[in-house]
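In structure tokens, the next block holds one chain alone, the form predicted on its own.
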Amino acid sequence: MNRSWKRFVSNRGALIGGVVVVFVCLVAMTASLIAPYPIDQRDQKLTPPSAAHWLGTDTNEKDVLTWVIYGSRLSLTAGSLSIVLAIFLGVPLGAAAGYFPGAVDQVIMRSIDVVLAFPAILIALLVMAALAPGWPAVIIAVGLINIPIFARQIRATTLTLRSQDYVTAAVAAGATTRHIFFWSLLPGLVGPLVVLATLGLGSAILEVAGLSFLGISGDPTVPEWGGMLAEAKNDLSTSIWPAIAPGLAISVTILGFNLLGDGLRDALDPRLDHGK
């Protein structure tokens, strides 16, 4: 653990990513305290940045900075819940495919291949057709899109772990499948899963914003970065500030999660021991 921590803190990119992620999370948690205006307050339409409105106002007379701050809540929450869903379904599927080669592996992986054959937007539209448009449907759609990613990575890690001597010894000793999974395989899956979830959060936030931008979130009155971009696109020829702020928020947040995920991957990889 000490070596992993040293590798992490020596990675400047990982530290920058960690700072960005912590900052965005703090903004989301304290939005009601730091936002300059109430969320429902209106002023003038499309005013440029000024002392009163640091990032200007949008076409609906809302303060852009206030909505960017409040939008971090929904963007992070929706992205996180979708990744939780992907973990909840993808990890068991990947672990089962990796631990039970043969028929189980073939059925699971071929099913995942079928899912991957469909474009992500089509999966989202199918979910919207089955459920009423809204944020629950967006979360489910993004979660389903990410299940194959988690399943394939966890399968690859499980295949590696099941060939380790300590797992072979547990099997030879007559340990049950449950005991082997929870006490032999699961500890080895935690590190890759943390890295995958961190990197996946950045992608999930982008996917949530993309679906919201397409207008299938169902509630444009709720602050969210993708929805803000959708509202701002019609006024780009005259006012670009309502689009710049949410666009930068999405980009910086994704960059933060990517840098943090890369740093965690390097820190948790036992093959990268810089102390040797």
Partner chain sequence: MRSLLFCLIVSTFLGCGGPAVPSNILIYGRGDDADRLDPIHTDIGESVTVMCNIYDTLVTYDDETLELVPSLAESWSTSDDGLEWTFHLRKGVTFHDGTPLDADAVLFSLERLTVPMHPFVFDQVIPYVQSFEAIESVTAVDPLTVKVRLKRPFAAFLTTMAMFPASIVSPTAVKKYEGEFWKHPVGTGPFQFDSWNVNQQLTLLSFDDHWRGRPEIDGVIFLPVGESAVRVKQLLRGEIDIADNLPPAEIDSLAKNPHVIVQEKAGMNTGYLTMNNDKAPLDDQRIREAIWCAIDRDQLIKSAYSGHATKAVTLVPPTLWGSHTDLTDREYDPEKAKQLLAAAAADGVPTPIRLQLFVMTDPRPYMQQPRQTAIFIKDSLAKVGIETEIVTNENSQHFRRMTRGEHQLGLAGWTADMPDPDNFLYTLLDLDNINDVGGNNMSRYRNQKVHDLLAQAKVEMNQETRAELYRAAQEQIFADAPLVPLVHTSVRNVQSDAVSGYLLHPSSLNRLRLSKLAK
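Worth saying up front: this structure is predicted, and the values here are computed from it rather than measured. Numbering follows the first chain given and starts at 1.
Another form, the form predicted together with the partner chain, is not on view; read the next lines as being about it.
Within 4.5 Å of any heavy atom of the partner chain in the model of the complex lies no heavy atom of Pro92.
The partner chain is not shown here, and in the model of the complex it never comes within 4.5 Å of any heavy atom of Val27. Using a 4.5 angstroms threshold between heavy atoms, Gly227 counts as touching the partner chain in the model of the complex. Contact check for Pro133: a non-hydrogen atom falls within 4.5 Å of the partner chain in the model of the complex. In the model of the complex, Asp40, Arg42, Lys45, Leu46, Thr59 are the residues of 20-59 with at least one heavy atom within 4.5 Å of the partner chain, listed from first to last.
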